[in-house]
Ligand SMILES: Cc1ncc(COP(=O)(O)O)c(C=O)c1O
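In the block that follows, a single chain appears as C-alpha cells, in the form predicted alone.
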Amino acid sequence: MTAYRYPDSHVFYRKLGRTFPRIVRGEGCWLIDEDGKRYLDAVGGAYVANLGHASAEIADAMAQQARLFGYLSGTAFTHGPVEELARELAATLPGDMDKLYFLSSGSEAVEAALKLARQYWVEWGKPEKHEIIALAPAYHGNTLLALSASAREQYQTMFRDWLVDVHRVPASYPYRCRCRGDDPACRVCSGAVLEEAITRIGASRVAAFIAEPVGGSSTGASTPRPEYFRRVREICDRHQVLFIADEILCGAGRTGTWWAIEPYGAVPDLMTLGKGISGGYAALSAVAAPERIIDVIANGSGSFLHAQTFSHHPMACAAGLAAVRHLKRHKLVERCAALGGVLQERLAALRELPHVGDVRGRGLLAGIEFVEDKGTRAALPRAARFAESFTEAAQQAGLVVWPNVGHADGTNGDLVMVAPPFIVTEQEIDEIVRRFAEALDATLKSGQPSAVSSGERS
C-alpha cells in the first residue's frame, strides 16, 4: 500500500510527520478516501468549501471557460468572467466599495490591500503615513507584509529579521477580557485602545488599521460588542487612517450576511475577500475598494504597483462567477443564517464537556476553546499540544475541524473551528456534535491534556 507521507512520496507535504489519507471524491459535506472511509468536512477544508464538494455546476463553468482560453495577462486584456464577477460582487459590497482587484490567495489580497493603502497616501501627498496598526491576536496571512500584520508568534519567530514593524492593540476578545465584553467603557472592548495607539504613534504617520470583523482562527470566531466597529470607523475618520476589513475567512456569507461587517453599520475603506468567493474550486481572492481611493492613483501614477502574473485569471474568475451566482440563486447566504442558528445552538451543548471553556460564533462559523480550568479560563499547557491531538482524533473519527493555538498569551491557548458548507443539514450538524464529543473522549483517554486530573472546575 502506498504511504502518503514524507519521504516516501515525491510530494513536499505541508506536514512532514504524518500520513495523509488520499481523498478520491467528495459528496456535499463529505469527503471519501481511497479506502472508502467517509469524513464529515465540518470546516470546508480551510473555511473554503461553502458550496460543498463536487458541484457539477461549478465544474461545467470552469470547463466551458477552459475551452475558450485559460489565461490572459491582466496588463493587456480584460474578459467576460472578470467583468461579470466584479459586477456580481460589487452588488453585494457595503457602502461605496464597488471596484475589485482579483488575486489568488488571502495572503496576496492582504499584501495588496496594505500596499494600496500605502500607495494611496504617497500619491495623496502624505508619504509620511506608513505605519500599520493591527490586532493581537490576529492572523492575516503568510507573505511577509501580511505575516508582519499577523500576531502569530510561532509563525513569526523564524522570519522576524525579514518582517516590518507593525503596531498592535489588543483584540476585542470577550471570553478572555476581564469585562467579558460586558463593559461599554472597557478600553479594549470599546475600541478606545485604537485611538490611544494612533495618538501615541502620531496620526500623521499611521496609514491603516486592519481587522477581521468576526475573528478567524486566531480568536476562534469571537465577535466584538455591536458598537465596536462604528467606534473604529469614527476613530479612523477623525485621524485620517484607512480602515481595512479583512473578510478573507469570515466573508462571502459565512456569518449569515454577505459580509461580516454589515451588522455593525460601519463601512471600511478597503476590504479583502477570498476563500468562499470561489467555493474552493479555484484559487481566488480580491481587494475591494471605492472610487475615492482608486481615483487618487488614477489621477496620479495611473497604475497600482502590485503586479501578479495570475491576477484577474480567467479560469479562477469563471469559478468565482459560477460560485457567487450559485450562492445568490440558491439563497445560500440566507440558508447560512438560518442553519447558523441551529449550529450555534447544538454546539452550545459542548460546553458541558470536560475542558470546553467556551463555544461562540456567528452563522456557520464557530470556535470551541479548550481550557485547563473552566473557572479561571487558564490555558492548557502548550506542551500538551491539545488542539493538535484533538484534531487528529477528530479525523480518526471521520470529522474534519481546524485547530488554532497561541491565542491566550501568544504561546498558550487551544481551540478548534467549525465552519461547514452552507448546504449542511440539521442531521449533519447533529453528527458534527456527536463526532466532536467522541473525538474529545478519545483525546482525553489518550492522556491529553497532562493536567486532566488536576481538579478542573466546571
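For clarity, every value in this text was computed on a predicted model and none was experimentally measured. Numbering starts at 1 and runs along the sequence shown.
The same protein also has a form predicted in complex with the ligand, omitted here; what follows describes it.
- Comment: 140-148 is the region of 140-148, 375-383, 184-192, 296-304 lying near the ligand in the model of the complex, near meaning a non-hydrogen atom within 4.5 Å.
- Out of the listed residues 308, 156, 344, 105, 105 is the one that sits within 4.5 Å of the ligand in the model of the complex by at least one heavy atom.
- When you look in the model of the complex, the only residue of 221, 85, 288, 110 with a non-hydrogen atom within 4.5 Å of the ligand is 110.
- A residue is said to contact a partner when one of its heavy atoms sits within 4.5 Å of a partner heavy atom; residue 275 meets this definition for the ligand in the model of the complex.
- Using a 4.5 Å cutoff between non-hydrogen atoms, residue 246 counts as a contact of the ligand in the model of the complex.
- A residue is said to contact a partner when one of its heavy atoms sits within 4.5 Å of a partner heavy atom; residue 212 meets this definition for the ligand in the model of the complex.
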